[in-house]
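Presented below, as structure tokens, is a lone chain in the form predicted on its own.
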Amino acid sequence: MILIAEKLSEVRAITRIAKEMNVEPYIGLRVRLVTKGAGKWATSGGEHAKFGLSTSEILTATDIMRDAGMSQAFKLIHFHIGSQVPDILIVKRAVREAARYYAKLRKMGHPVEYLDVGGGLAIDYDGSRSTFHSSMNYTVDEYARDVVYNITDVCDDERVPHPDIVSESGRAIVAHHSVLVVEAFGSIEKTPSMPAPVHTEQHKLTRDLEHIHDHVTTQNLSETWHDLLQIKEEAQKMFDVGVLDLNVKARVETMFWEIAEKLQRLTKDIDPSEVPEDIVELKNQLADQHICNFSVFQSLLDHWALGALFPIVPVHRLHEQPNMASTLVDITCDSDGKVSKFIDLNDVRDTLPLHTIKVDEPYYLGIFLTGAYQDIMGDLHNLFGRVNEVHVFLDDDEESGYYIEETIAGHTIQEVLGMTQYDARDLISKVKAQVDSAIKQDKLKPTEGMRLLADYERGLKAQTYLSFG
């Protein structure tokens, strides 16, 4: 075991405790490289990073070990320039800089044997093979060759022994092991079906909208959109002063989005470069929302906190063409509990092609490559606990090609409440006291009271997510 120190105080503590215990430790030092990473975690490296020792501090650390009679304990040099480094050129620069530290320390007589190149090996989340933060412009083989070559080149140039190379490429190793499957059980639509108006005489606003609907063409897209916005604004003003009935307002809103959808459909018939900018934005405004039985804060924390992108696709109905553009919202009470940015080969998509949810038929989405951090970083925001887990193993000998080794139940309501210092037994006792009091006062029948208490206890043992069926 090699203890890696990031501060001089840690080096002093290691040498002091080792003396007290009369042991010879193995010590590693984390160097703060000038080379800075890229992407969402770029601040993990560079001169102003909070991690690692500067050049002068490394020399001071070697003095501390020498004064403690532990010069032979210095075994490893370590660096880390951040997670998900998309550009191989940054990796090359960092490796060469760290290798130079190793070589100079070896020439000074320090017995360093290992060079730890840290993490940073990226995952190509969006498939673009680019330097975008959700991708990588290199392969794992190229990464390995470049690490070995650049360390070898520097060591040969400095005429020092080659070190043993250590890698901490956690994301690249474990990201693929996990997929989050969520059920989309409802949708929020921009243009819900609207019954015909109950009044006999049409309002002027709706007549104007019908005229717009009948006369929109590819030649007047921008003008039509501006007319729509004007009518929508007029309707809101009339409603604010009390001269517009609810049924007329509802009809205006529905027709507004119906015509907007028609505008969007018409853009398919013309050159994209000729589509007015405000019409281009309509696609995102018209997007529906699929309501999914999960919490972004618990199970997809990097997306909310850092804008990280993950591949998201339906895991069934794959023979059907998606028929709507949508975003995802979770079941928390927080407006940030949503996924509205998705991977794309050329840029970031604001919507995801999905299917219409069928009545009484579940619709499942898979969120892939979540194994690196999401299943351990999730928090209890809105009191949604850990999700159910299933361990699936591929096996050619099985008829289906796989088998389920284990299922692990997620947190129950009483477990989550326990984490916030609410004891289930105490809660049940208090509810029972209230039920007993209500029965004595003839506010509840005994059978009703017992059923209420049983339902309460059963509810505490249920999970924090919605149950269907």
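Bear in mind that the values here come from a model prediction, so they are computed numbers and not experimental data. Heads up: residue numbers just count along the shown sequence, starting at 1.
Heads up, the form predicted together with a small molecule isn't pictured, but that's what we're talking about next.
Among heavy atoms of Arg171, some come within 4.5 Å of the small molecule in the model of the complex. Using a 4.5 Å cutoff between non-hydrogen atoms, Thr370 does not count as a contact of the small molecule in the model of the complex. Put simply, His290 is far from the small molecule in the model of the complex: not one heavy atom of it is within 4.5 Å. Among residues of the shown chain, Arg30 is one whose heavy atoms approach the small molecule to within 4.5 Å in the model of the complex. Though the small molecule is absent from this view, in the model of the complex it lies within 4.5 Å of a heavy atom of just one residue from Pro314, Pro163, Gly337, Gly119, which is Gly119. Heavy atoms within 4.5 Å of the small molecule in the model of the complex belong, among the stretches 295-303, 266-274, 321-329, 73-81, to residues of 73-81.
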